[in-house]
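Below you will find one chain, with nothing else, as structure tokens; this is the form predicted on its own, and questions on how it binds or moves follow later.
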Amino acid sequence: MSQSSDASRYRPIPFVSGAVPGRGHFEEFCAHPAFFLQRAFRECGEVCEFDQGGMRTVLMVGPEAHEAVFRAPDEQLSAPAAYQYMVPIFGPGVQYGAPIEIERQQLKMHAKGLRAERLTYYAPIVAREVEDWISGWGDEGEMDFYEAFADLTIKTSTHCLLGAEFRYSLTDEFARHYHDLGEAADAAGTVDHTRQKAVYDRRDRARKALGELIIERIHRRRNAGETHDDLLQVYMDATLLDGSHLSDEQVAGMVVWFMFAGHHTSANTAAWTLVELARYPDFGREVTAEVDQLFATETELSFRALRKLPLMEGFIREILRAHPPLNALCRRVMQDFHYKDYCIEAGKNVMLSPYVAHRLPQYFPDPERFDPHRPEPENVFAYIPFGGGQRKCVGNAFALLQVKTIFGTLLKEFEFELAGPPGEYREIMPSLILRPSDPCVLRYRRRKH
């Protein structure tokens, strides 16, 4: 069969309007990826194509499309090829900078560190961090809670991953470097991760400094013959299939990778959770009553106790539907990819968007209504805040544990209200993470028991 006759078997993929000559949709995508992708879907439907600054990208929407992408083999749809801009952040030899067979083994190391018995150990650590945080609040006040949660989750993640000594000696320095890494993970970097020289120079300096801090701790443990009950120890002790250990540089990269995945998700989800608890006070009172009921029989927020908060879990699940942190899940097409009667040629990207997917009314009725009692959709590929398949976000269990523990502790002691009108708290995307608008100020008041 000739190439032209073979091509005639497939429908042309609709192309999104508004492309700028020589730039395509690059500026509109970078300004707010979630809003652009929503416009593209509304205009063109479940499959459409746009020009991401020279990279032709095909947006695919809906559970059937999600499943097709998540089940495709890496040899056909490659995550590493699409996410090379993350290699300078995580480092060579780790995740997208490692051969695929090594990356798969590294994912299993993460999974080992996040088994239920490990999460049991982390829950009290997070609770203590929150208690220390609120001990200096006084009875009432105002705070920019986006920045506050970003700081808190760096502390909790550092404490759980690297231990108390690291947490209390180097947290501020660690947080500063992590901020510089986060600024480099923006929409423009998906096309050219060397374009913004000043931002990427800071990224590289921060990554080098983080690596040195973590490796210094590795050497200190080894020289002292110490072992600790944290994720750093899991990575240090882990072996690859050939019996070898990760190098010190790879261990440092594993820490950066996990913290990057978990920290941003936790901080943004926590900020949105507080905004919506205050914006919908009736729901807030329901969740607070559940926390009170828990503490009537429990003395601490253990991992076991957190399972007794189904209303809070439903509230956080709805937060992740309405405000999913990640909104552009990408794969590079390595071999022509056929979906229904479309052919997506090798060399293009395919993209899924949780923000768009979670607003499909056939799976989420009245999708613009915030409803923490909303039932989960029957199709498991309809709800994808953490992606899906073998590349589902590795930090999701830890992120959920952090957010539940944070609010179990906060709501026991304080009530919250918006400091500005409800419409002031908007969705912005200065990076690839969907966050509340800046500043995100709320009032707090100590509860009267």
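In this text, all values refer to a predicted model and were calculated from it rather than measured experimentally. Don't overthink the numbering: it's just position in the shown sequence, from 1.
We do not show the form predicted together with a small molecule, though everything after this point is about it.
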Item to check | Option touching the small molecule, based on a heavy atom within 4.5 Å in the predicted bound form, out of 126, 312, 329, 255 | outcome: 329
Item to check | Selected contact from 382, 58, 393, 55, since only one has a non-hydrogen atom within 4.5 angstroms of the small molecule in the predicted bound form | outcome: 393
Checklist entry - In terms of non-hydrogen atoms within 4.5 angstroms, which of the given stretches 218-226, 244-252, 278-286, 94-102 touches the small molecule in the predicted bound form? => result 94-102
Checklist entry - Taking heavy atoms and a 4.5 Å cut-off, does residue 37 contact the small molecule in the predicted bound form? => result no
Next on the checklist: Although the partner isn't part of this model, could you tell me whether residue 386 comes within 4.5 Å of the small molecule in the predicted bound form, counting any heavy atom of the residue?
Outcome noted: yes
Next on the checklist: Is residue 337 part of the interface with the small molecule in the predicted bound form - any heavy atom within 4.5 Å?
Outcome noted: no
Item to check | Residue contact check: residue 266 to the small molecule in the predicted bound form, 4.5 Å heavy atom | outcome: yes
